[in-house]
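Below, in structure tokens: the form predicted alone, a single chain.
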């Protein structure tokens, strides 16, 4: 065991944290509102959109993330090449930063997870509260913003926390797109002296620290939201 390499590579792996966090944040910013809206289509049984959401969730949950990465990373450049050639755009698709493909893959994947999380959480809010909101003159948007969403967040937050942690860990698959994240940086450093055991230990420690910190922050926020739950109990 090369302890000097272990220490040095820990900081190399740590330098990939910003990339993992950017992918996580962007994916959540896209997935949270989309997941909530598509969950509403399933709750309200909107014919076409409800069916689309069901098929979408089944497809994403039934396929490994790594396969989704290969599909997007292989097909999107081909699609863009045909578009660029058709409209005579002088741009090499292979010069595009792979982080954009990561945004696409992880947003698509996380949206499917959020649909199920929000569908389950929304079903815990009684319809009587929505009817009461309408009776005092609130619009659909006002009822959602003031009554439904705050209660849904309280119920959904533990599952959103789990989904976020899983998303952070899934960014380790970004190496398949040559993305300079935690795993790839550590593995590249290990290539010189074949110190893969030390590199994997560093990767393990970085993800453990990062995910533990995210869980801690979610628990703090959950305690704040629990006051709202007590007030409406």
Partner chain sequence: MEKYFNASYIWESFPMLLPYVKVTFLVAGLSVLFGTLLGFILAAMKIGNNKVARKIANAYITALRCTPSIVLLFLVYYGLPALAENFGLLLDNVDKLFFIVITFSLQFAAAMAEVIRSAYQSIDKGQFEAAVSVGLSNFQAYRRIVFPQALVVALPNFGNSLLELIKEGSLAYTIGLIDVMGKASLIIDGRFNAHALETYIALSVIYWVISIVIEQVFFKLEKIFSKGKQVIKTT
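Positions refer to the first chain, counted from 1. By rigid core we mean the largest C-alpha set that fits within 1.5 Å across both forms. This one's a predicted model, so the numbers in the text were calculated from it and none came from an experiment.
Not on display, but discussed next: the form predicted in complex with its partner chain.
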Legend entry - Option touching its partner chain, based on a heavy atom within 4.5 Å in the model of the complex, out of 40, 32, 26, 165: 165
Legend entry - Every residue of 11, 18 and 104 near its partner chain in the model of the complex, heavy atom within 4.5 Å: no
Inset, instruction - Would you check, heavy atoms only and a 4.5 Å threshold, whether residue 161 touches its partner chain in the model of the complex? - result: yes
Legend entry - Proximity of residue 123 to its partner chain in the model of the complex, heavy atoms at 4.5 Å: no
Legend entry - Non-hydrogen atom contact residue 71 with its partner chain in the model of the complex at 4.5 angstroms: yes
Legend entry - Contact flag, residue 55 vs its partner chain in the model of the complex, heavy atom cut 4.5 Å: yes
Inset, instruction - For the heavy atom contacts within 4.5 Å of its partner chain in the model of the complex, list the residues of 187-225 involved, in sequence order. - result: 200, 203, 204, 207, 208, 211, 212, 215
Legend entry - Displaced residue check between this form and the one not shown: residue 83, CA, 2 Å or over, core reference: yes
